[in-house]
Each structure stands twice: as structure tokens, then as C-alpha cells.
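Below you'll find only one chain, the form predicted on its own, shown as C-alpha cells.
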Amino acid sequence: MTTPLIGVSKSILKIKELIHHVANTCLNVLITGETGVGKEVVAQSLYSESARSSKNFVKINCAALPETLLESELYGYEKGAFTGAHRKRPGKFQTADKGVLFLDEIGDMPISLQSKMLHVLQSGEFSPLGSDTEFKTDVWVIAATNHNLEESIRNKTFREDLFYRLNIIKIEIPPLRERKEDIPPLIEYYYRTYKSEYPESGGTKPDAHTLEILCNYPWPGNVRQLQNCIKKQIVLRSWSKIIDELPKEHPMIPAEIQTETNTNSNQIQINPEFANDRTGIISQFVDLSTSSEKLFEDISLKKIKKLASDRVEKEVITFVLEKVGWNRSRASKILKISYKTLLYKMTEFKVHPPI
């Protein structure tokens, strides 16, 4: 089953529109972006919308194989072409004929193989290793990389002519930290997907407070990291444990976020009038008039922390909305949360403008 391209951000909507326009042109496409942003998902989307969707989608990772194996995988070989070649084997260009060849991590292709790749892209012809016969292939090439190929050209590790042959259509996928509004729909989709894969597990969707934490985390590993967190939560059944285990130190995470997340940033600030009144604090969240037995059943530190957090959030959200005349767009910017998260919290906390 092909994974759909999930997202509501302007960048993802533009990519979806570009896919729709490009899918049936068979122009070479270069997909760029950090590791884990979903480059293969975009490639699969191009393939699915094209007239070639009934043919093969063939993927090869140019970084995963040594030079000699990569060449034989791409072009195939004849029996006896090299030691261990006991039989004839077709390459990816043959198996992808009339379909799509997805060259993942093209920036890691050895420079010595790039001239042959350029020849195939220009002529559509190639020879398997150990053969003098030229084969013709009709392949739509989609390439992807997390490298800056312009810099690689300057460093003479990537051919400029090959770059321009691949880069007819360029699709750049922004990192997840630059499109935080895509996080809630991604969580929703992958939660449903993995819940069906692990039906015996009992994970839950994140509540509003947890969702805000997830939306504000910069996700250095992008969508792939988010996917793994959702899988773990479904199996471990604890969002707090998953959040505690998120890497807090990373070159892509701003220093102020690292400092904030490495301290107890979830600590609740209590109203000063209750600061020296332990009973007063507890009575805000627990009915102290009940019997001791019932009282102790109601006292759950996790539950009280959530109630306190929700109460503070509701008051702050209401305060800001009132100050900006219930302009939700402006309020979301002041609160440093996405517009969608604000709407979600307003619904959860039943915050409505005055009639």
C-alpha cells in the first residue's frame, strides 16, 4: 500500500499541486530535503498519479552499495562478467522499463559511475556488464538526495551536467520543524496505520497538552522520527515516556529549546494566594469533603497535573483572546502555537467569544 503525502501546510499543498502537473510529463525529477522528510513518499505519489502506475516502481539506494555492486545492480550483467556472476541478471534499468526508477541518495553515487548514468539518461541506452549489446530502456527517472548538490559540484564530487539532466523538475521538501501544522494530521494518519498493525497494543492519541509539546518539538529526524515515536507509544502506551526519551540535544535544535526541554518545563505555577496553603491547592482539583477512602482514589498526581495544566492553559488562552479582540490568528502567534492547535484547545476547553 502506497503511503499518501500527508499535510495541510502551504509547502505540502504546493508539492501536491506540482505532482499533479508533473506526473504525466515523465520529466526527470530531483527531490531534495533532509533525511526523513518523506522523499520516497513524494516519489511514490508522482508514480501513483502517472500513466506508469501499472508498471514497476523500482528503487535503488545509491549510498547502500559499493561502487562495483551498484553498477551491476543498475545495468545488470552477463554470465561470467566477473567472479561470482554464475548467471545472467537484468539490472534496474531493465526491470523498470516503462515504469519508474527511483534513485535514492543520488548525491552518494561515486563520481566514476556518474558519466555512465548521464549517457543512459541522454540516450536511453546501456550495456550490461560483460556485454557488447546495447539495450534500449524507457524509464522515468526520479532522484532524491539530502545533499546540497550545487556544493557537491563545487567540490567536484558530483557532475554538473548530470545535475542539470536530473534537475529538470525540482521538488524541495521542507523539514517538519518548518511546517508544524502538518504534525497533527501526520499523527492522526500514522496512529490509525500502526494501531491496525499492532491491534493487541493499547496506545492512545495524544491529548491537547501532549499534542502541543509534539508540535513545538523541532523533530531533527523529521517524519521518520515522528513515525517511530508513534509506534513506540502504541506499544508502550505512554506519551510521557516517549516525550521524556526525545533527544534534547541536537545541532538542529535551538539552544533555548534544549535548555527548556532539559529542565522541568512542565512544572505548574500555582496562584500565589495558595502558595502557602497546601489544602487550598489540592482543593482546586480534588473534592476534600469525601471520605478518606474515596479521596485517596481520586488523588492521582498525573491526573492532578493534567487538570492544573489544562486550567492554566484555558485561563491564558482566554486572557490572550480577550486582549486581541478574539482574533484567533493573532492569538496563535502570541501563544506560539499553530492556528489549528489553538482551535483544538478552544474546543477542548470550551473557550468561546462572548455572545
Partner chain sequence: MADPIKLLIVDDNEDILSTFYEFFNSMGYEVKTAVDGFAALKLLREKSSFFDCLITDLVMPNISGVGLISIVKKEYTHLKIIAMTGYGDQPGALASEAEADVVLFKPIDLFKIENTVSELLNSKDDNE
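The structure presented is a predicted model; accordingly, all values stated were derived computationally and were not measured. Positions refer to the first chain, counted from 1.
Beyond the structure shown, there is the form predicted together with its partner chain, which is absent from this document and is the topic of what follows.
Of these, 154-162, 220-228, 199-207, 98-106, which stretch puts a heavy atom within 4.5 angstroms of its partner chain in the predicted complex?
Comparing against its partner chain in the predicted complex, the contact stretch is 154-162.
Any chance Lys170 has a heavy atom within 4.5 Å of its partner chain in the predicted complex?
Contact with its partner chain, yes.
Test of understanding: in the predicted complex, would Ala64 fall inside 4.5 Å of its partner chain by heavy atoms?
Result no; Ala64 lies far from its partner chain in the predicted complex.
Considering only heavy atoms, tell me if Leu18 and its partner chain come within 4.5 Å of each other in the predicted complex.
Yes.
When the contact criterion is heavy atoms within 4.5 Å, does Val22 count as touching its partner chain in the predicted complex?
Yes, Val22 sits close enough to its partner chain in the predicted complex that at least one of its heavy atoms falls within 4.5 Å.
Its partner chain isn't shown here, but in the predicted complex which of Ala51, Val312, Leu69, Leu27 has a heavy atom within 4.5 Å of it?
Of the listed residues, the single hit is Leu27.
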